[in-house]
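In structure tokens, the next block holds one chain alone, the form predicted alone.
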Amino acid sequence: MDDSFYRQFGSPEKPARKFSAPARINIIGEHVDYLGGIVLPAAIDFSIDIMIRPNSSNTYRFYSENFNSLTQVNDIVKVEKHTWINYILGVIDQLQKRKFSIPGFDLSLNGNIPQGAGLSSSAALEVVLTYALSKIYKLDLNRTDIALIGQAAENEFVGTKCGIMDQFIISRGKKNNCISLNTDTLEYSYHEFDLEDKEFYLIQSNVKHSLKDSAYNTRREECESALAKIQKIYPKIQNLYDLADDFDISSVSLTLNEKKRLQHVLSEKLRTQNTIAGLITKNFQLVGQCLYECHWSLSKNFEVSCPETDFIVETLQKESIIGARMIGGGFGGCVLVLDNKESNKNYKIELTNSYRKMFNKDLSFYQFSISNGVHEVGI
């Protein structure tokens, strides 16, 4: 990566600085992070890495090793051709709105986060750039500030109405720990990640998704419209997640889709409580049960799954694997699997073959470890 930066931007006396931000998984609490819910994410050891250096001008120059693409801009205006640039421009836009001066800089980036896998490569780019600019230009941003700026860049500039979870865990991740995060108050606590003889791993469906082009924003709008109707009757309710687990959905005149979205939120609240309790007490069967229930709620109630990820989860369930569910925004991406470390993995071969026969696609399997959040490399 160092060589590619200097090939693109030259090697004057002042060296570039290198920063890295991880990908993330979310164990439970899916599609509630923009509804005031509790989530349980962890940073993992896939990453977006950047090298960056001020260039003493008002010009921004960006190079992506992954796309072999070099771009130069002077104005912070959304672009249509190279959409990866918008995550960078969105961060600059947010910092400028906060009255920070961001002079021109040269940036190269590279990453090994599988694209479209639902592991938050976009949030990693937003966070690593915000963190780097804070260090380089001495902006004195704390890690929560950095997460909020990354979220605002994606919401307001890119146009995806994501919640705070991805940016928060990528900013505040801690090795061998997951975070229980209240996305309403931003209160959080670390939980040591000890699975004993169990392990999490990922199965990539290789169905590429784009949150911006999917129904992600529509799901959020349906939740917001349901909340507005509920607030007319129960004005003290601030978020859908505030509702009691046994809330009578029929007491409010909701559309069918609004009812289904609300049903997922209410049931996910209980699953999250049970999953945290299961991890603490080492009741991994309970954790696995919650993962399966979460998946089928996302598929049937929130309707953000797809035939491919449903097939993977259904097959794993038939094979008596401890637990599995789709993760991320949906409509493709990865399945998170909880299994015994020493279990017979022959089912992987059978699953791969049947998946290829059914969908004419191959599966990818990823091992990972729990990592730290964004950091400067070498510091």
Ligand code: GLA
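In this text, residue numbers run from 1 along the sequence as written. None of these values were measured; they are calculated from a predicted model.
One more form of this protein exists, namely the form predicted together with the named molecule; it is left out here, but the text below deals with it.
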Q. Of Y347, Y63, F311, Y34, which residue is found within 4.5 angstroms of the named molecule in the predicted bound form when only non-hydrogen atoms are counted?
A. Y34
Q) Of these, F200, Y216, F157, F105, which has a heavy atom no more than 4.5 Å from the named molecule in the predicted bound form? A) Y216
Q. Hey, in the predicted bound form, is L279 touching the named molecule, heavy atoms inside 4.5 Å?
A. no
Q: Indicate whether the named molecule has at least one heavy atom within 4.5 Å of a heavy atom of G329 in the predicted bound form.
A: yes
Q: Spell out, yes or no, whether the shortest heavy atom distance between L95 and the named molecule in the predicted bound form is within 4.5 Å.
A: no
Q) I113: heavy atom within 4.5 Å of the named molecule in the predicted bound form? A) no
Q. Of these, 40 to 48, 348 to 356, 313 to 321, 22 to 30, which stretch puts a heavy atom within 4.5 angstroms of the named molecule in the predicted bound form?
A. 22 to 30
Q) Does any residue in 165 to 199 get within 4.5 Å of the named molecule in the predicted bound form, counting heavy atoms only, and if so which ones? A) M165, D166
